[in-house]
Structures are given as structure tokens and as C-alpha cells.
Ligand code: OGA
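Take a look at this one chain, the form predicted on its own, written out in C-alpha cells.
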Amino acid sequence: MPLATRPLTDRFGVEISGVDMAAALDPATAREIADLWYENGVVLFRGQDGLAEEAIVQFCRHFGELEIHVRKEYLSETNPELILISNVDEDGRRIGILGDHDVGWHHDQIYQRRPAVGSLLYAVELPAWGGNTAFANLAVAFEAMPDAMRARLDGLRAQHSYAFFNGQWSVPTDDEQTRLTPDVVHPLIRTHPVTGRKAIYADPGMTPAIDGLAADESRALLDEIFEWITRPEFVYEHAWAPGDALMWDNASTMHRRDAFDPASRRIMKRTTIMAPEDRAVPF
């Protein structure tokens, strides 16, 4: 029997009900979830209260190899496939990354030679207000783009930089982490490694320039692209509830986060899902 679903918007995103992420997932159901994920860009599972870290990791492994994030200081001590996104301090140390401020539009791991194809974020504790996460579907945005604008982008490549992102929204990497995350160049229009669907592959947070263009021309074109892909018709904004788990497709969506109550605790746990090695590098 097909999974029960409802759309999150009229253009993309889907909520799947009746799935217990803590239970064993049979191959047929995993394939159905994967198909919905790739088709819709964002998949929401509600009511996953009290989900153990081991269960999150096991669930996500159905969809690909899990990356161990370079920011090792923010990884779970028992399940390093999970990075903590949090403003909480324990024993004089911040347990997670990204604090309580807003975080601008970005793709996870776009700055790597082998970028992530997906992520899953699980809500453990939520603040009194704020902290919504918005997603823009860049495949939908690309397909709706005027033909003349799409033609201008054909064949261009964009630069991506983790240092550029950290300079705006996060904290610097140490020397070893910096060595492991050099700037990279990827096609400005990415072909999805599974579906073959094309999407814009650039974002305001991690893309400082278009390769080979003069600085002013590059900035003007990026600004034009970013204005288009963040239009409301391409965006879904999620207001979190405890026990929500959201899985998104990094090959076709980007995301951002609102600031939230600095007097509240927010604890989120995230995995990073990789594409198969033979299909991992954007083309």
C-alpha cells in the first residue's frame, strides 16, 4: 500500500505519515520514500518523538553513505554521523554549531568536490519563538526561469567557499579543517545524480563568484539569479514542532534559518547523505 502523503506546497515538498523512523524500514518502503524525496525536494516526518541517535543514523543509511562532518567539535560523541546544530553550552563549551542568529541561504556541503546529495534534520528541543527553516526548490526555479536567462547560464561554473559562508554566518575552521575544505568550482546548473533533473547550483551563503567572469559582472549575475530563486513561489517555510524530522535534497534545494529566542534552548541533530561515488561530482 502506498505511503500516505500530503503536499507542503503546490510546487514541491511532501509530508509522509505513518512512518516510524525508530522501526526497521523494509526495502520497498525505503525506495518509495527515496522516490518521494527526489521528486519533491523536501520530505517531512512528524511525531518522531524521543528518537534515538542510532535510529536516526540507521534510517538515513537507507538513502546513502553518511558523511562525518569536518566540524568534529560539534559531532555526537557516540554517533559521529550526527552533527549538532545548537545554541546550548555545556561545561563551558558550545555543543553545536550556528548559534541563535539567522543563517542565510546555502546548500550543505556545496563547497566540497563530492558535495552532499541530502540532509536530515531532527528537532530535539525548540526555542520559545523563531528558528523556522525555509527551503527554495532550485529545480522548480530553473524550470520556471525565462529561456533567455537560462541560456545566459548555460556552461557557466561557480565558485563555492566554506570560508565565505563562515565569514557571514558561522565560526572559522581550524587549520586542519581549512586544509580539508578548499574552495571548489561546480557547474552553475547541476544535473541531479539520480533523476537527471537540472537545477541552479549556487547560493548567497557559499557562492562568492562565477568562475571566469569579471568581479562586477559576476556579482550582477549572481544577484539576478538569487533574486529569482528566492521568490515566494519557489519557497516553503517550515515551523518546527518537537519530533519533526525533515529530509531535503541538496542537489535541488537550498535552505536558510530564522533567528530565534536567545534565552531558549534549541537542539537539532543533522545527518549528511552522500551520493554514490560514481555519480557524486556535479555535471
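No experiment lies behind these values; they were computed from the predicted model shown. From 1 onward, residues are counted along the sequence shown.
What follows is about the form predicted in complex with the named molecule, which we do not show.
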All of 34, 192 and 197 within 4.5 Å of the named molecule in the predicted bound form, heavy atom check: no
4.5 angstroms heavy atom contact with the named molecule in the predicted bound form for residue 270: yes
Residue 145 within 4.5 Å of the named molecule in the predicted bound form, heavy atoms: no
4.5 Å heavy atom contact, residue 133 to the named molecule in the predicted bound form: yes
4.5 Å heavy atom contact, residue 160 to the named molecule in the predicted bound form: no
Contact residue in the predicted bound form, chosen from 209, 116, 98, 153 - any heavy atom within 4.5 Å of the named molecule: 98
Position in contact with the named molecule when the complex is considered in the predicted bound form, options 75, 188, 124, 121, heavy atoms within 4.5 Å: 121
Which of 166 to 174, 106 to 114, 87 to 95, 137 to 145 lines the interface with the named molecule in the predicted bound form (heavy atom within 4.5 Å): 106 to 114
Contact set, 230 to 252 vs the named molecule in the predicted bound form - heavy atom within 4.5 angstroms: 240, 248
